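One chain comes next, on its own, written as structure tokens: the form predicted on its own.
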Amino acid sequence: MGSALFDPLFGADRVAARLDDASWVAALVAVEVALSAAAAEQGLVPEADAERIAAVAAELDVDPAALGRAAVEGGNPVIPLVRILRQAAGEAGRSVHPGATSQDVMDTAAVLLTGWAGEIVLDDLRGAADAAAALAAAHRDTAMIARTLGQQALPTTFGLVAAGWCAGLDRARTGLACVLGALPVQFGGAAGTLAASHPHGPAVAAGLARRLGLADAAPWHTERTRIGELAGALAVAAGACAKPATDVVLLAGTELGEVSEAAPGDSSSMPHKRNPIAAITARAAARRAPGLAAVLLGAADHEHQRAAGPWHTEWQTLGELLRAGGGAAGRLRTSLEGLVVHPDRMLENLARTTTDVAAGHASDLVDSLLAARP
């Protein structure tokens, strides 16, 4: 869940603002409004009813806490929300939730929220990758020692190290963007057969998708590969952030001193310390992602045509995974955008290993990696 105390620390505050309870309610209401409009387009409900529902929804003030308490009885917040909308719309309330089941609205709202939060994650991944690319270009020829298995190895350049960071971040961002862009609307009715809106069900689903800016798809109530793909893409993105964050933490150590953050953290008891806190908290956020992804993957076994438990597992877990991946990207961006490189320390450490081997084609590799950026 969101935390005013910890979200800023771990970089999740921007993402969390699009995943809070009010955002959930807004997404659920948006789906119901779009659904009534899509049904009216096919003649399943009166156009005037859909217009009335939209007008009422625009003025609706739903208390998330009260909605949560009311959701206990039926096991999801859609059931009490539909009651609220129907009561508020008066006679037009008959056209709220046409042909749908609660999962249709919950899944579609979750997809909407994921898209809203995903925009922030993608933006921070792009910002971190751009910062890494700028470091690579600026330090294309800055010599340093490569390290393998924790030991000094052969010469390389800091530009090549940073270009590798950039390549991983770009690849993760591209993969996540592909998954986010393909997330579809959910509309299948009580058992995923579209029976309640026959023969207009597919057209209603397409209209709902169009109004919400989502992809169209056949009902996928218990076919959760899309959620698995999303979990994987977010976990990969977190891992792509963890790699440079880990390098920064190590390179900023007192004994190496090859980089430092522009705004290092201090210590409550040791005033001499300059901790690379942005990279540290990026690592911390990223480390939560694999476990959260595993929960979503482990909940993929939705039984029959409606899951009793695995579906419910997804709601909060997905939000937490978005916070973890988004937090890692946000904190890494801060770290890399203000990273200070110390070439003199790199040369000092390079001199510790006697070798006549030069950095080889490192500079050319930097150019090729940067040229290949999406």
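Start at 1 with the first residue shown and count on from there. What you see is a predicted model; the values in this text were computed from it and never measured.
This protein has a second form, the form predicted in complex with another copy of the chain, left out of what is shown; the following refers to that one.
Interface membership of P64, defined by any non-hydrogen atom within 4.5 Å of another copy of the chain in the predicted complex, is confirmed. With a 4.5 Å cutoff on heavy atoms, G298 counts as touching another copy of the chain in the predicted complex.
When another copy of the chain is considered in the predicted complex, T148 lines it closely, a heavy atom lying within 4.5 Å.
Put simply, V161 is close to another copy of the chain in the predicted complex: some heavy atom of it is within 4.5 Å.
Checking A58, A308, A48, V340 against another copy of the chain in the predicted complex, a heavy atom within 4.5 Å turns up for just one residue: A308. Interface residue among A252, I84, A131, L212, judged by heavy atoms within 4.5 Å of another copy of the chain in the predicted complex: A252. Of the candidate stretches 204 to 212, 123 to 131, 88 to 96, 274 to 282, only 274 to 282 has residues whose heavy atoms lie within 4.5 Å of another copy of the chain in the predicted complex. Residues of 198 to 231 lying near another copy of the chain in the predicted complex, listed in sequence order, are H198, P199, P202, A218, P219, T222, E223, T225, R226, G228, E229, the criterion being any heavy atom within 4.5 Å.
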